[in-house]
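First, one chain by itself in structure tokens, the form predicted on its own.
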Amino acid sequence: MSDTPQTYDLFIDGSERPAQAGKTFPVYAPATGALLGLVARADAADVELAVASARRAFPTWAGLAPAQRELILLRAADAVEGQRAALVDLLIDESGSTITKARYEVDYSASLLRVAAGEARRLYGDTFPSERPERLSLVVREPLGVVLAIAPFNAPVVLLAKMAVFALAAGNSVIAKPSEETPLSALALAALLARAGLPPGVFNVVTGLGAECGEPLARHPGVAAITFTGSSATGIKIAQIAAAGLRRVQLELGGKNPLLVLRDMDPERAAAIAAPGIFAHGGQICMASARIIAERQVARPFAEALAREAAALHLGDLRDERSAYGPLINQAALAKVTRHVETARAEGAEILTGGAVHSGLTYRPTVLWQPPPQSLVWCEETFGPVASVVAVDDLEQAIAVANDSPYGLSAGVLTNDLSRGLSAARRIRCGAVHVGTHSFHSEALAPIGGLGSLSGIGRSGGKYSVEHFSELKWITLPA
């Protein structure tokens, strides 16, 4: 058996090709540290090839009948399902997902493809009365052109799919720039789309470092729009670059998501509902319930029940269905989580459970009681398996605390009182509020996106993505 690591090329114009400079970078499994392969490290020259390919492919793809685009996307969904086991294995190895999370991600990706296929037929327009009786006014939707999709590491198949497939359904061509941590998933998705009949150049994958290929892609005048999921700091930089060319952006950024626990909830039941929304994928989810705001009557009993839920989580083999989550993506992520928890401890927060490394890059599920409002763990996105619980006097104070944040992605309200729950949902400044459950919730047809300045702009999902990645054109005809 050869010890030579496998190499992975770029995917441009329907085929694999090495980076023109011949450079590569390594990809490691976060759970084991094993080298998964060497991946092409693209630069500005490769960016030019990818953009040229996508621009050549765009007119033909946009000119297809919607039913043809629908059929190809449906075939792609079948192809994803047909490779479910292989994709699950890849996600476990590359992103440190548990088998349960990896299966969910693959299945949801197939669902997104089917929903996008349906949306390809629903590019509706309008007619309206013209001020000139001899003219007829039509409004039609047309695709934008080349869409750049910059994908994160935490759910590398499904989040890339969500960003790309609706843009494809609208008739755009796409260039994917995956995270340096998880490029293999994007290459696997590209191969499946090609197998389903997507024409060459309609979906390209450029792998490499952000400064070397991501930024040149974002600045390229041949890119018509950018969709990005990731950190707020990177999203702000992308928005600044896009603004220089007045290009459309859709940014799903960070979240420091509030979960309100109201006084009518049983603390044990509330803790059981909250835990999956906090600790899924080790808290490396932008919609995780990181800030828990509980009415004082139930706050301490809830926090203690949540600590018991957390301490009971099984951490171990990622292919063991009992395992709740796996490692953080890299050493820098672990260092950030550790810094947030230790700073909160030093500032007076009580650690009810956790607060330490389990093994390797895996951090123990952690519940903090009453961190100071200025603490890093309360104010900044930790992106780890850490929940902070604070007590408030009433619903008014709970809403005020929930809104006292530059983030506004998602929220949850745990209550049996529908009236109070709806009142809270209407007043919490977030892009989504889920009554009766935690803040981590996503559906293919839903408009996902933030309201807060650090949680992004625009919406993704269903018709909202198709509308975002198409433009209205007014046409008049003789009546």
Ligand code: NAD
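Here the structure is a predicted model, which means the values were calculated and not measured. Start at 1 with the first residue shown and count on from there.
From this point on, the text means the form predicted together with the ligand, which you will not see here.
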For the chain shown here without its partner, which stretch in 315-323, 123-131, 380-388, 337-345 has non-hydrogen atoms within 4.5 angstroms of the ligand in the model of the complex?
380-388
Taking 4.5 angstroms as the cut-off for heavy atoms, does residue 372 touch the ligand in the model of the complex?
no
Please tell me whether any heavy atom belonging to residue 229 falls inside 4.5 Å of a heavy atom of the ligand, as the geometry stands in the model of the complex.
yes
So in the model of the complex, does residue 301 come within 4.5 Å of the ligand, heavy atom to heavy atom?
no
Please run the contact check for residue 250 against the ligand in the model of the complex: heavy atoms, 4.5 angstroms, yes or no?
no
Between 111, 403, 234, 100, only one gets a heavy atom within 4.5 angstroms of the ligand in the model of the complex; which residue is that?
234
Just one of 201, 267, 354, 152 has a heavy atom within 4.5 angstroms of the ligand in the model of the complex, so which one?
152
Residues in 172-187 that come within 4.5 Å of the ligand in the model of the complex by at least one heavy atom, in order, are 177, 178, 179, 180
